[in-house]
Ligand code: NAP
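In structure tokens, the next block holds one chain alone, the form predicted alone.
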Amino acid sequence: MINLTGKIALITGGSRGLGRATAHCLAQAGADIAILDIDDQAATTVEEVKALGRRATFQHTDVSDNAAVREAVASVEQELGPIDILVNNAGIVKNIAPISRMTQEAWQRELGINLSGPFNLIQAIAPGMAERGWGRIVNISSAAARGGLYNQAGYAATKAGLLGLTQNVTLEYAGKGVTCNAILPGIIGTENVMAMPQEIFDQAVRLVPTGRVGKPAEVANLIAFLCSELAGYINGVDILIDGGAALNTVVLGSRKALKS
């Protein structure tokens, strides 16, 4: 049984989707929850966590801003205590354009949120974990990190970059009781995915041997396991959770392939 009683977990991007499901899952396992997000709807997730009998707090924070992250982390630790668990979930996926027409502003914003954001949080939190001799870091990457995503070079590049960051954190902190792993979700039934045009959604699901989209709770359960004592010897790895989609011979990175 996964038991996170007494642990403080910080989750970025907890207003909905995987972040919200993870907050619920970790709270049900006994953790107190802090959420960093620029979406004030995260306050609703905090109230839901409190209804489960756990302490919770929300800090309106742009994770791409290193100074703001450090201020938010300090506020969380003052209110809840030292952070034991970090889930880097915040990310944007709206920068859709071919490389030749992708703007510098859009590229830099995606790098800032999806890659610099996790770096900022790790830099602020991992040293304290190491001093206390225990910590869990989970970076939410994507199946796109391995196969790219058509017209989404920024997203795929940042999610691939997270894998390198994960490995380096392990090299630096594994001997100090800290684990750092990455999860690569495939098509998961978040609000954004369920709002996809029906044709694209149906074609994407047909590529999944399991025959359905994943549930946010299924990803959250994997995160909870990696954050527990049960996963203490799992470190520096990236884990696909995609219903077997990576086994399909059709190239997932190409929307053109989906239409053939």
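Computed from a prediction, not measured in an experiment: that's the story for all the values here. Residues carry their position along the shown sequence, with the first being 1.
The next section is about a form of this same protein that is not shown, the form predicted in complex with the ligand.
K.L.:
Three residues, Met102, Arg146 and Ala156; all within 4.5 Å of the ligand in the model of the complex via heavy atoms?
P.N.:
Not one of the three qualifies.
K.L.:
Would Val63 show up as a contact with the ligand in the model of the complex if we use heavy atoms at 4.5 Å?
P.N.:
Yes, Val63 lies within 4.5 Å of the ligand in the model of the complex.
K.L.:
Taking the ligand as it sits in the model of the complex, is Cys25 in contact with it (heavy atom to heavy atom, 4.5 Å or less)?
P.N.:
Judged by the heavy-atom cut-off of 4.5 Å, Cys25 is well away from the ligand in the model of the complex.
K.L.:
At the 4.5 Å heavy atom threshold, is Ser142 in contact with the ligand in the model of the complex?
P.N.:
Ser142 belongs to the contact set for the ligand.
K.L.:
Is Lys176 near the ligand? Define near as a heavy atom within 4.5 Å, in the model of the complex.
P.N.:
No.
K.L.:
Have a look at Ala217, Ala231, Val193, Ala43 for me and say which one sits with a heavy atom within 4.5 Å of the ligand in the model of the complex.
P.N.:
It is Val193.
K.L.:
Among 84-92, 123-131, 164-172, 71-79, which stretch has residues with heavy atoms no more than 4.5 Å from the ligand in the model of the complex?
P.N.:
Result for this chain: 84-92.
K.L.:
Since the partner is left out here, which residues of 173-211 would have a heavy atom within 4.5 Å of the ligand in the model of the complex?
P.N.:
Residues within 4.5 Å: Pro185, Gly186, Ile187, Ile188, Thr190, Asn192, Val193.
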